[in-house]
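Okay, so here's just one chain, in C-alpha cells, the form predicted on its own.
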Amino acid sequence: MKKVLLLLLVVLISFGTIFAAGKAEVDVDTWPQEAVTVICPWAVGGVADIVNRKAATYGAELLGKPILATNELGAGGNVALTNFLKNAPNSHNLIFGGEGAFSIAPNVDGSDAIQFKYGDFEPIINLYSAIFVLTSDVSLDIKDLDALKAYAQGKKLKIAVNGIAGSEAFLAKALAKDLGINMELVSYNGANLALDAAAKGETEFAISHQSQAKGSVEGGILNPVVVFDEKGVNNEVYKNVKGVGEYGSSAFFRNRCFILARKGTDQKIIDKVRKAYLTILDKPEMAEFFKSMMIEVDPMDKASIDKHVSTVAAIVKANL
C-alpha cells in the first residue's frame, strides 16, 4: 500500500512540474524574448500608422528584438482593441489607442456594444499630439467659420470623417451644435479616404490631420476653414487659420496616440518599453520626421494620459 501511495505521489509531483512548466511566466528581466508587435488599429497611410512604422525601425537597436508594425482595422479601432484583450499580461503584443476609443465612443450612441474599457489596458507612453483641421471644397470659397455658418443656412452639409464615433466625428457634431447648423456625417475607414471624398466632391467638408490634407490644400482642391484648438495655426500650408477656441467654442482637444500593454503587465516591461520610445523620440531624425508630419513630440506618461482621457470625456459629455 505504501508503495502505491509513493508511486501516486511521484506521478502527482511529475504532473505538477509539467503543469508549472506549461504555466511558466515571462522572464520580465530578459523581456522581450521575441519580436514585439505594435498594432495600429487604424488605416494604413494614416498618421498613427506612419509614426508606428517609422518608430519600429529602431526596435532592434533599443530592445534587442525587432518591433513589428502592423494594422488591424474595423469599427474605428474597436475591433483591434477588443481582440487585444485575448493577450495575457507581459505579452509581446502592444497596441495604439486614443481618446476616440476611450473618451468618445463610451459616451455616444452604441456604447453598449463596446466590449473593452480603458482599465483593460496599461498606458506606456504617448507619442505625439496633433491638431485636427476642417477643410472645405475650394469651389465653396469657405475659409472661416463665419462663411461656413452663412453658407449652411437652410442646408444639410455633408462632412467626411474617419469613423462614426471617433474624434473627428465628435468634433464635427460639436461644431454643428455650436453654429446651429445641420450636418450629416459620412463615415470612411480612414482619414485619407475621407479627404478623398471631399476632394472628389462626394462631401463638401472633411476633418483630418493637417499633414493628411496638406497636398489637397497646396493643390488648391480644399480650403482650410478652422483648426480644432484653442488658438489658430500659421505655417507654410495653413496660413492664419483660426482655432475654434477663438470663436468661443470649448469643444476641442488635441489628438493623442498612446502605446498600451495589457493590464497587469509588469512595471519592468512598461519601463523598458517607455525608455526605448523616449530614446526614439529624442533622435534628431525623429524630430525632423515629426515636423514634416505637422505633429508634435508629446511623450506623456500614464498620469498625463489618464488625465487626457478623462478631460476629453468631460468635453464630450458637455457638448453632445
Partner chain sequence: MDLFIQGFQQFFTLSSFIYINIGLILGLIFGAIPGLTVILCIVLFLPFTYTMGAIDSFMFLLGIYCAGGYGGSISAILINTPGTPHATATMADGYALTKKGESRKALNIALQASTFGGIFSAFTLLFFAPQVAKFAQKMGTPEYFLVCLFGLTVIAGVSGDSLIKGMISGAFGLFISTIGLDPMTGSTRYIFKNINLYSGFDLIICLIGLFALSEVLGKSQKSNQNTISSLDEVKSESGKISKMEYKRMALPSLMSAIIGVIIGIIPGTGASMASFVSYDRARQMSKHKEEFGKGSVEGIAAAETANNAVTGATLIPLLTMGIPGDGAVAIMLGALMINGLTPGPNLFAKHGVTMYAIMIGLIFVNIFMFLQGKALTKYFARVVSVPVSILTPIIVIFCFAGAFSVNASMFDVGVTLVFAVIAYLFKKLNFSTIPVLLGLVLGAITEENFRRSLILSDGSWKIFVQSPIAIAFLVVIALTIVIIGVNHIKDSKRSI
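Given the structure is predicted, the values throughout are model-derived calculations rather than measurements. Positions refer to the first chain, counted from 1.
Here the subject shifts to the form predicted in complex with the partner chain, a form of this protein not shown in this document.
In the predicted complex, the partner chain sits within 4.5 Å of a heavy atom of residue 49. The partner chain in the predicted complex comes within 4.5 Å of a heavy atom belonging to residue 293. Within 4.5 Å of any heavy atom of the partner chain in the predicted complex lies no heavy atom of residue 64. With a 4.5 Å cutoff on heavy atoms, residue 73 counts as touching the partner chain in the predicted complex. Contact with the partner chain in the predicted complex, defined as any heavy atom within 4.5 Å, is confined among 174-182, 119-127, 132-140, 212-220 to 212-220. Proximity to the partner chain in the predicted complex, defined as a heavy atom within 4.5 Å, holds among 149, 200, 92, 239 only for 200. Taking the partner chain as positioned in the predicted complex, the residues of 147-172 that bring a heavy atom within 4.5 Å of it are, in sequence order, 156, 158, 164.
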